[in-house]
Ligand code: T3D
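The form predicted on its own is given below as one chain in structure tokens.
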Amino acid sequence: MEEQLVLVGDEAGVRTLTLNRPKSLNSFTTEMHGQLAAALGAAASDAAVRCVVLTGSGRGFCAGQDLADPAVAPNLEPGGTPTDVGATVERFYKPLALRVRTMPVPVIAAVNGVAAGAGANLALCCDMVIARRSASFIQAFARIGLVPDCGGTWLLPRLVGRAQAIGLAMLGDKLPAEDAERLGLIWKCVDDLVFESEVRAVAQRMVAMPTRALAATRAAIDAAQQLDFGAALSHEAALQTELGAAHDYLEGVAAFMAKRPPVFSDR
């Protein structure tokens, strides 16, 4: 029987995916990559899911890649062929980052503890990061002679600017969640005692919102980073044409005019 390395739970439209290798701070193995990819794909195709929460079991969110995994373990034999770490990035981390960034529903990273290496950047791939005050973020790559992956080189300068990105990536210092919020790296840092209730409340707010429009908002913001201002305006207009013909726009306007809560259903 396959070990459950990703736990799946549902509650009122929220699909919670919990990385489940607590003894290894939920570090990635080939098997866990496979289970997470399948779980994200299932959530994407399930019309009942309107928000995904990604978190970790135990005291960590995700410590990045398990360096003992055969996919990345160095070949220490004299004259042996070097392990192709880049092949692991192409096979697992690139599809993972793209899957998270293109989910048809909002994705919340609930960072319950340390998020290091690819684990930190996986959290940053999500639409919103909520972290315990006791959590921390570490760009640990330089410590083992590598560069940030899982989207880190793209995400960091866009979130905190080049100067902070270079400092975080080159020095690999532990960044407390409170400082991560101050820098704009994450959405919110909350006290440990209210962490779970805060994540649940934000997820339920997402469930009640127009899911299709939220996913389009993410896509539009990401696309605009590669466009000039005029092209971004044109892209906004094209999206408004599409969304303006959808149920949720009609429902939202009708609810506003009738002074009643809207009931959104597009996805």
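All values derive from a computational prediction rather than experimental measurement. Numbers for residues come from their place in the sequence shown, where the first is 1.
The same protein also exists as the form predicted together with the ligand; that form is not shown, yet it is the one meant from here on.
- A residue is said to contact a partner when one of its heavy atoms sits within 4.5 Å of a partner heavy atom; residue 56 fails this definition for the ligand in the model of the complex, lying far away.
- Although the partner is absent from this view, residue 24 contacts the ligand in the model of the complex, with a non-hydrogen atom inside 4.5 angstroms.
- The closest non-hydrogen atom of residue 68 lies within 4.5 Å of the ligand in the model of the complex.
- At the 4.5 Å threshold, heavy atoms of residue 117 reach the ligand in the model of the complex.
- Across the options 188-196, 162-170, 143-151, 98-106, residues that bring heavy atoms within 4.5 Å of the ligand in the model of the complex belong to 143-151.
- Contact residues in stretch 60-99 (any heavy atom within 4.5 Å of the ligand, taken in the model of the complex) are 63, 64, 65, 66, 67, 68, 72, 85, 88, 89, 93.
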